[in-house]
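Okay, so here's just one chain, in structure tokens, the form predicted on its own.
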């Protein structure tokens, strides 16, 4: 596990709810300029892991450090340098897009807020939507606004939970292109939780495979596909979800 150049360092991270181990002593790091995929079926522990990295959930053991800060105790020192995006988190629907971006920009301590809103609206093709209520937007427009919110403070660390879920292929491709550009231009560290395997193959430098709270495999998409003797990451995902080992083929009787 690389540490010196890492923006995110997860060490023996664990979370137990009563007798359920949601996350069971995992270790990984994400370097600046790197996109790492966090994959696993429902209940694998992805969302809990992201919540601990954000400092929203206190670990039962281990630590999650972001930009050098222990997120369980020091998250306020780096909150202005990180951000999060998920299509499952709605913004206040009665506020306009501009008002929402202003509120979140103030929360993240953006100083040049008015000009930053205009800048990011132009970059993400939102200028004509700035004074429309967020609740009256289409799903694709809401996703662009959510992306704008996640980039409003020019974060060095970006956490993404299914950023293109339910989007049509054209809009999803548009979002991925913007993420690629942002990673390149800002040299940001991005942790991506996704069930879209072509998206993972396209975006991710490294992939963490989670099951039952543990990281059960790790590698680049190309390495994992070769290791499991498959043709796509979707096939690899199914192998891991169904408990097949690398190189082991599914058999039928």
Partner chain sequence: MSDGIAYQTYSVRRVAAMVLRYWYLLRQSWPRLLDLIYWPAVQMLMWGFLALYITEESNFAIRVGGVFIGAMLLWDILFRGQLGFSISFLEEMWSRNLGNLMMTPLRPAEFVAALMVMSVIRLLIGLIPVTGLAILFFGFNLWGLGFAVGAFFANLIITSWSFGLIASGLVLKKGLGAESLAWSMTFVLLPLACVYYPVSVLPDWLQWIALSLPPTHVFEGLRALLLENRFDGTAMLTALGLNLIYFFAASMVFAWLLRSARWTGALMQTGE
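Residue numbers count along the first chain shown, from 1. No experiment lies behind these values; they were computed from the predicted model shown.
Not on display, but discussed next: the form predicted together with the partner chain.
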property	result
Residue 230: touches the partner chain in the model of the complex, heavy atom cutoff 4.5 angstroms	no
Heavy atom of residue 156 within 4.5 Å of the partner chain in the model of the complex	yes
The partner chain contact in the model of the complex: residue 176, any heavy atom under 4.5 Å	no
Close approach of residue 47 to the partner chain in the model of the complex, 4.5 Å, heavy atom	yes
Interface segment, criterion being heavy atoms within 4.5 Å of the partner chain in the model of the complex, picked from 135 to 143, 74 to 82, 166 to 174, 119 to 127	74 to 82
Single option in 36, 57, 209, 197 placed near the partner chain in the model of the complex, where near means a heavy atom within 4.5 Å	57
